[in-house]
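Just the one chain here, the form predicted on its own, laid out as structure tokens.
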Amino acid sequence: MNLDETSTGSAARTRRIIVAIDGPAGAGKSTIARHLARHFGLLNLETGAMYRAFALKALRGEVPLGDSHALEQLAAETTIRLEPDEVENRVVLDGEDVTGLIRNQTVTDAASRVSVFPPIRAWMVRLQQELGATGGVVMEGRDIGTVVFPHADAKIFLDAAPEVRGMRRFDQLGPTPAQQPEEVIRDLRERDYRDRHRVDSPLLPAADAVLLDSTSMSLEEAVKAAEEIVAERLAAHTR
């Protein structure tokens, strides 16, 4: 399916507001966040890329992914920046552009493992709050509406059945995927379990989030629904 990536020229160039999009892996958060940012004239900040950048550093340094203390020490000597670009954020780790190095499955799995530790999440939350402090952003992740920006002006919890999300992820792997569909779905279910059952800020919808289940939707339908949700919330915010 194809999505018209052109932003609407008539969209209001709203500033200072915060749009939070949360949801499990493979739900389409990044795609919808990019579109909403263009449509409403906001900056798109992908927080999951920050966890992947840190996971990349841990892998490079052979730091045990289950050692909370060692990871906390590593975080103390790590800087991560997101630099918004037209297509996606540039991810800068300790001054190095690692945007093209953090999208493989090894780094993604490692990010899921390091993100369960409260000290790492607390550090990331501080960084994310600094990035969005002035508003005018769409921020997507797993605890944006509940922890990072609980007072966001518009909150969406984007979800879909695990089998649907798994097949979407499989389709993104290209013509010669290293995994079979059932393996992708199994890995996604395991990640879901870690995200939903971690002690610190588990994945769950904010009380005031609008639930958007895209299981039976096309990409265009999900994007349109998200646009309507945000437009309604922003209209209320303006009033």
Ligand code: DC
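Only a predicted model underlies this, so the values are computations on that prediction, with no experimental measurement involved. In case it trips you up, residue 1 is the first one in the sequence shown, and so on.
Just so you know, the form predicted in complex with this ligand exists too; it's not on screen, but the next bit is about it.
Enquirer: Do heavy atoms from each of D159, R165 and S214 fall within 4.5 Å of this ligand in the model of the complex?
Expert: No, the candidate spot makes no contact with this ligand.
Enquirer: Among 34-42, 189-197, 63-71, 205-213, which stretch has residues with heavy atoms no more than 4.5 Å from this ligand in the model of the complex?
Expert: Looking at the other structure, the answer is 189-197.
Enquirer: Classify N89 as contacting or not contacting this ligand in the model of the complex by the rule of any non-hydrogen atom within 4.5 angstroms, answering yes or no.
Expert: N89 lies outside the contact set for this ligand.
Enquirer: Taking this ligand as it sits in the model of the complex, is F170 near enough to touch it, meaning that at least one heavy atom pair lies within 4.5 angstroms?
Expert: No.
Enquirer: Would R81 sit within 4.5 Å of this ligand in the model of the complex, counting heavy atoms only?
Expert: Answer no; every heavy atom of R81 is more than 4.5 Å from this ligand in the model of the complex.
Enquirer: Answer for I185 alone: is it within 4.5 Å of this ligand in the model of the complex, judged on heavy atom distances?
Expert: So I185 does not count as contacting this ligand.
Enquirer: Taking heavy atoms and a 4.5 Å limit, what residues of 95-129 are near this ligand in the model of the complex?
Expert: Heavy-atom contacts within 4.5 Å come from R103, A111, S112, S115, R121.
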